[in-house]
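A lone chain, given as structure tokens: the form predicted on its own.
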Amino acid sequence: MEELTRRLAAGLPAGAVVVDPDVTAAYRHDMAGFCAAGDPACLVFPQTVEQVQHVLRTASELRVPVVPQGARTGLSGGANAVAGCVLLSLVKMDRILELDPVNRIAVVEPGVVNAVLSRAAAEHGLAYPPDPSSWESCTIGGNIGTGAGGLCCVKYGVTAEYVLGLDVVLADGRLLRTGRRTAKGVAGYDLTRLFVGSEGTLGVVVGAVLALRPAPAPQLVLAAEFPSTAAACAAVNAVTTAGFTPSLMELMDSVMIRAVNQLARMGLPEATKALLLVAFDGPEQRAELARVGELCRAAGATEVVPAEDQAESDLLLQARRLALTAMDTLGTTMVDDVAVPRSRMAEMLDGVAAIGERCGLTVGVCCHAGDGNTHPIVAFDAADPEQVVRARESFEAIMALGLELGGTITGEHGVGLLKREWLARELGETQLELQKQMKGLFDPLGILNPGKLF
């Protein structure tokens, strides 16, 4: 380790190499429960592309694993340390290098926080649409690494649709530039899309060219209460079938509603079995909300309440953003991220409820209902070995149910450590082998975030 830290320090600013175990321990893992984390050799904080290249060259020469990290808000263990690794924190590379209103692009470093970019874009009448629930703290580099989504995906899409180009440091320290700055471009293989969602296993993102959009009008939100999750899902299907494209369509089950109320005293209706939030940001938003309200009532809604103004809308959206934090107050949590076809979402939610009952655990669900991305959250006592076993069983059963319904094991959180075994089941032997071959092409020594994905 002495040689490693000496060589790293030679190409980094003073204080950029940290070996204090009390400090490195705080960086060993992300926010995923139930995932192992090793003891790193050191933690480094580069500030430039050249310094990242130095770290990778050194690690490659010494055959030392490197685990890239952003804000560590991930939920799959993708940023967890492996034994003897270099933890490569990119949080100090946090500059917005360019914001171009004419071409509607932003050029950023990986440590830029999502909300910071959104606010900077808003000053020019523009928006960066991907908005994960952790947008106030998660970084663009982490969003790219996991292929993050967010609450507004139903209308505006996910991170991959806004990444035009990337600067990536490869395992041997070479700098690769992919993609473009233009609105269109199809030259060669799309390596940019390959890196989005690769979880730091193919290279380290050190810069990104991102597409921006004109800022929409503030959202107005409608809240609809339902006697069952099946009725709420029927309303979601009716809204979609009728041709509406809301800017947001989120669902919370009764467990989630009670947890949010317990945490924030928000006065959400606890008697209801499902709360559906639907928002529009277009010029006809009030008329659209009225029509959606009619569809909700036809599907069985017991109460439909459109927000009167922006303040009421923001309050409802805050309730949804608090969902994960609220469930954390009930114990240790395992957060799932299963996406299914919208038409089968009711089966997914009913199945999750049955799994929770069978395992004797509290399981709450919130959904990006507009695109079928469900987040079942299992709460349990980590100090109780029997509950730990049942929590793992429930998690596995939820994953299996998602695949059985024609879904995927992760819509936006990534695979990391948490879902490695399930990735093989979803991809199948042929695709898994091809993906491993691609990993070997970019990282022949296997030093980049080893143990993640495969």
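All figures in this text were calculated on a predicted structure; none of them were measured in a lab. Residue numbers run from 1 along the displayed sequence.
One more form of this protein should be noted, the form predicted in complex with a further copy of the same chain, which is absent from this view; the next part is about it.
Colleague: Should W135 be classed as touching a further copy of the same chain in the predicted complex when contacts are defined as heavy atoms within 4.5 Å?
Modeller: Taking the distances in the predicted complex, the answer for W135 is no, it never comes within 4.5 Å of a further copy of the same chain.
Colleague: Mark P46 yes when one of its heavy atoms lies within 4.5 Å of a heavy atom of a further copy of the same chain in the predicted complex, and no otherwise.
Modeller: Looking in the predicted complex, residue contacts with a further copy of the same chain do not include P46, since no heavy atom lies within 4.5 Å.
Colleague: Answer yes if any heavy atom of L170 is within 4.5 Å of a heavy atom of a further copy of the same chain in the predicted complex; otherwise answer no.
Modeller: Yes, contact at 4.5 Å.
Colleague: Using a 4.5 angstroms cut-off on non-hydrogen atoms, would L194 count as touching a further copy of the same chain in the predicted complex?
Modeller: Taking the distances in the predicted complex, the answer for L194 is yes, it comes within 4.5 Å of a further copy of the same chain.
Colleague: By the heavy atom within 4.5 Å rule, which residue out of A10, L445, L434, A25 makes contact with a further copy of the same chain in the predicted complex?
Modeller: In short, L434.
Colleague: Which of S198, T333, S247, T139 has a heavy atom within 4.5 Å of a further copy of the same chain in the predicted complex?
Modeller: Comparing distances to a further copy of the same chain in the predicted complex, the residue within 4.5 Å is S198.
Colleague: Any chance all of C153, L175 and K184 sit within 4.5 Å of a further copy of the same chain in the predicted complex, going by non-hydrogen atoms?
Modeller: Checking in the predicted complex: C153, L175 and K184 are all within 4.5 Å of a further copy of the same chain.
Colleague: Among 364-372, 268-276, 79-87, 305-313, which stretch sits within 4.5 Å of a further copy of the same chain in the predicted complex, heavy atoms only?
Modeller: Going by heavy atoms within 4.5 Å, the stretch is 364-372.
Colleague: Mind listing which residues of 381-414 have a heavy atom within 4.5 Å of a further copy of the same chain in the predicted complex?
Modeller: Contacts from 381-414: G406, G407, T408, I409, T410, G411, E412, H413, G414.
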